[in-house]
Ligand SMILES: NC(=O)c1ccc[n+]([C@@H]2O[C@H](COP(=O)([O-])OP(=O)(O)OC[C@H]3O[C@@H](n4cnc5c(N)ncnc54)[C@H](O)[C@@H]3O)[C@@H](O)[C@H]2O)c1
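Listed next as structure tokens is one chain, alone, in the form predicted on its own.
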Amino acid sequence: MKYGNVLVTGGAGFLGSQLVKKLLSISEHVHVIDDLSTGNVNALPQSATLTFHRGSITNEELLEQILPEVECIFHLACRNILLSVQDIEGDLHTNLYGGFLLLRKAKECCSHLKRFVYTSTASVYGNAPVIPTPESYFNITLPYSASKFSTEHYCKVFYHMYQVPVTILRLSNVFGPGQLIENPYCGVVAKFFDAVEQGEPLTIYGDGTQTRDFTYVEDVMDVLLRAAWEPGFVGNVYNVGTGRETSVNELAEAISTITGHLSYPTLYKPKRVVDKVYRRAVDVTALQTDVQWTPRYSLTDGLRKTYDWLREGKV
């Protein structure tokens, strides 16, 4: 049992539920905290070694109940980028205060803590002048990136002051099996596949030339699991992505090809308030150098696997 007793916050969400499925076979027990504001409890498998706690990471009583047993924490719970601009105070409370409280309670309650893995975001880079963007850069333009970046700083504080074994991972546009359209805040890949399934045009905000670094979920799972036990990760910040730019127009074309609908119709709409970033690709040199990690899946590979999952009934 490599991971012992584990806590996954946000474990009923897309990434969290995929991580829980991986952890069940290699952990003694998995605890999940999720308030189900965007998560789906049905995404979690049934298991005698899984305990689901419906609640918030800002609930001190709940944290004090669970954390004394925990040896490894994966902190994925957060308000997402769209919700953050609709409710900036809620974003601050959940993302920043929730992260700080979890760190404080981990320090107080987890006597055998082996790792605290925090999933941050490539959104901290804003419109970076350097592509691919290294971990040393930041440009905070939205509440979501502000709260996530601030929590990174508190992770560093608890690492340096109290030796809490933190690892910070900045994820970039993760997609793949488990990302459900039932969540209105899901990513563009899931929305595009659903649009094709429904016979609707692919909706693109802006002119579609904006780029993102789309990262397949299995590559992210690989980094998350390694970050929880390999010593090289402790105290460090790492980008998790591919280092490659793909425009939204190129993504639409790739999905049209994979689904067998060449020149599928698109619908262009004005940019939203959250559409601040024109180009994105993250530099993964640090991960490659420090822990010899490279992504295994190309965008096409990941899209095909996602489409296969959708056709097989989302099992």
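Predicted model, so just to flag it, every value in this text is computed and none were measured. The first residue of the sequence shown is number 1, and the count goes up from there.
As for the form predicted in complex with the ligand, it is not shown, yet the points below apply to it.
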In the predicted bound form, Gly10 touching the ligand (heavy atom, 4.5 Å): yes
Any non-hydrogen atom of Thr38 within 4.5 angstroms of the ligand in the predicted bound form: yes
In the predicted bound form, Ile33 touching the ligand (heavy atom, 4.5 Å): yes
Touches the ligand in the predicted bound form: Pro68 (any heavy atom, 4.5 Å): no
Segment that reaches the ligand in the predicted bound form - one of 77 to 85, 228 to 236, 99 to 107, 129 to 137, heavy atoms within 4.5 Å: 77 to 85
One residue of Thr167, Thr94, Thr211, Thr151 in contact with the ligand, assessed in the predicted bound form (non-hydrogen atom, 4.5 angstroms): Thr94
Residues in 85 to 124 close to the ligand in the predicted bound form, defined by a heavy atom within 4.5 Å, in order: Thr94, Thr119, Ser120, Thr121
